[in-house]
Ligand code: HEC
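For reference, the chain that follows is the form predicted alone, supplied as structure tokens.
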């Protein structure tokens, strides 16, 4: 009898323990699942405040930021944002003797107008400008709730209209869709329509926050603005991301979202926000050597991978994109500024600066990057100019920091020709 009682008590205790364990596992899994959904859920349009709300407290930063390429990388299609000319004689692109496209002002807006044998066949409205104009600008037209890239692009290097990158030289292409993945790198937020949250192709054109704005790097700020407005004496910012407090990887991921090569989503579009790890939202290409070997230097390529493969990065425990770049300012073309960033780690008193190659470079302290981060032909931004059979490529500065013997020779030759 006593033996049966012991068996019974043991059995009851075991069952109770198993039940408690099962319930605990269930609750833990549910909690983790709920957390994952919450963390990876895309924000809504109402979560954003708009950068103009930042201006009242951050005037100096705002004034600098609105001149940056990030801020200007997407705008509504107003003529003040478009670099190409609409003036007669400067507003055409001929595909052939029979097909010509005109950039025209009309009462209802700006249009790309296709003519065949001198007759108008199709007019497509400019609705969105993509690109700051540093390399060029492409344009988007809205058809209902879908967005399409227009066939003609502005190519800055030649100061001319061209066919859009990757388009055939002699054909008017009007059906290339703009996806959410494209928009994720050119706008702060675009509200998708429909059930396809992973890669929507339809959008609410009224709910777009143009450009890479304050909230792209600091997170949706509606709650922050409301709280700080109601509590002006609280100097500890609430409901906003201070990027300086992020880990090194979190800071790098902010840039890698758009400068990290081809990455495939595993969560809904626009789910990634400042402070997240990119690996929680995308399948990350970490093959940095592949980026280097393939010369993948484009803005649409893996600049992040190239930097990570560089010795400068590998020898540092703190280097990020912001080590050399200010996200708030337009620093384009300021070689001496970037060179000073190099010299902050590489002292000019070092014996390496006494090498013949360094002595042949005029004002070495003002230009490290032409030799060690040379501008090279882009593989993504290549266009056909009117009448040309060979595509032109934009020059994009490589972010693989290294030794380029041919560039060093070219720079040395350039110095000699100056005297």
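Residue numbers count along the first chain shown, from 1. The model shown is predicted, which means the values in this text are computed figures rather than measured ones.
Beyond what is shown, the protein has a form predicted together with heme C; the following relates to that form.
**Student:** So in the predicted complex, does any heavy atom of residue 358 sit within 4.5 Å of heme C?
**Tutor:** Flag for residue 358 set to yes.
**Student:** I'd like to check something about residue 382: if you look in the predicted complex, is any of its heavy atoms closer than or equal to 4.5 Å to a heavy atom of heme C?
**Tutor:** Because no heavy atom of residue 382 falls inside 4.5 Å of heme C in the predicted complex, the answer is no.
**Student:** So, in the predicted complex, is residue 331 in contact with heme C at a 4.5 angstroms heavy atom limit?
**Tutor:** Yes, residue 331 sits close enough to heme C in the predicted complex that at least one of its heavy atoms falls within 4.5 Å.
**Student:** Quick one: is residue 307 in contact with heme C in the predicted complex, heavy atoms, 4.5 Å cut-off?
**Tutor:** Residue 307: contacts heme C in the predicted complex.
**Student:** Taking the partner as it appears in the predicted complex, which of 96-104, 199-207, 111-119, 219-227 has residues with heavy atoms within 4.5 Å of heme C?
**Tutor:** Flagged stretch: 219-227.
**Student:** Which one, 174, 321, 157, 82, lies within 4.5 Å of heme C in the predicted complex by heavy atoms?
**Tutor:** Selected residue: 321.
**Student:** Using a 4.5 Å cut-off on heavy atoms, which residues of 206-241 contact heme C in the predicted complex?
**Tutor:** Read in sequence order, the residues that approach heme C (within 4.5 Å, in the predicted complex) are 212, 213, 214, 215, 216, 217, 218, 221, 224, 225, 228, 229, 234, 235, 236, 237, 240, 241.
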